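What follows is one chain in structure tokens, specifically the form predicted on its own.
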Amino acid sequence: MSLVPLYLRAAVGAVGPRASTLPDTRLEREVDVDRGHLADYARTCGFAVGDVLPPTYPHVLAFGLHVQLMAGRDFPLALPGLVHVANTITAHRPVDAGERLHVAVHAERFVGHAKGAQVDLVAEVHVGGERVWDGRSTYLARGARAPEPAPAPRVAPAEVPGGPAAAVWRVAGDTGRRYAAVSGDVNPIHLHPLTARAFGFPRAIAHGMWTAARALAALQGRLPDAVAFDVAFGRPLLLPSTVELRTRAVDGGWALDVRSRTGTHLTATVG
């Protein structure tokens, strides 16, 4: 489904009073994977095209429910301006494209932050009653207030120590538009330099989840069937750019980061 109407509704409703607590809402839908869409996603993010879903792909299937929940007037934070600061994914087993998926999303942990307020959008995917995938997306609203105080700061994955890059990517200027086409995330900061400038960016910026997926794709063939992926997003990745991926084997898994001349865009652990 197109998310453009939801983004427009969220933009119109961004001004004015909002709820002070999270809605007690759980959104759910049944999903049959479109193999053509799966292939487009895999090509856009650097995964091999196949029948097994990349660990980051269920996030795309849940994202429309994220937006639907956040676009409502009963959601305490206005969707425009929310910054995706962290993401965790647990793929409990490989999921085949032929399996029928039950996707559910709810919000929790509306708490303070040193720069405002943050909230988690939690997604679950079940197959025939079996929980096969979990995702948690943390969003920051700068300058906002939350009913609960800020918890202890989250310990973000550390940068990989210096050394040669595992890969160097030239990230094309249309990466934001290509990822928007497969993810539904049509936030204007990703689509064109002119719309990005309206939000204070000199150029369009890459989606954080594209960067995360592209980094994970570089480790294909070296990951277990059950994967835990913990990501912290850093400096915006301006488009176009040249970036380096750095990796290090740790504790049966991997530490990685993505950086460029402007700084570190992502740090993560996977295993």
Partner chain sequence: MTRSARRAAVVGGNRIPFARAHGAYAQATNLDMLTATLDGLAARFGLAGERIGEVAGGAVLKHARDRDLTRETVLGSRLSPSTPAYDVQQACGTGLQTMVAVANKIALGQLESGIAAGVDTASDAPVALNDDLRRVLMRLNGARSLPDRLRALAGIRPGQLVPEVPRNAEPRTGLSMGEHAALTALEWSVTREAQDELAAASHRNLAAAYDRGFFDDLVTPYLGLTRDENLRPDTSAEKLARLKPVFGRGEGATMTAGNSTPLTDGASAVLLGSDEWAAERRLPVLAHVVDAETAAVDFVHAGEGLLTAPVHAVPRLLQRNGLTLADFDFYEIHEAFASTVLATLAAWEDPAFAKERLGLDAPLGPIDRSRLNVVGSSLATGHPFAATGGRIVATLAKLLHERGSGRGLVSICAAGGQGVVAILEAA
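Positions refer to the first chain, counted from 1. Since the model is a prediction, treat every value here as computed from it, not as a measurement.
The form predicted in complex with the partner chain exists for this protein as well; it is not shown, and the discussion that follows is about that form.
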property	result
One stretch from 65 to 73, 236 to 244, 208 to 216, 34 to 42 that, in the predicted complex, holds residues within 4.5 Å of the partner chain by heavy atom	34 to 42
Contact test in the predicted complex: L27 vs the partner chain, heavy atoms, 4.5 Å	no
Distance check, G221 to the partner chain in the predicted complex, heavy atom within 4.5 Å	yes
Interface membership of A48, the partner chain in the predicted complex, 4.5 Å heavy atom rule	yes
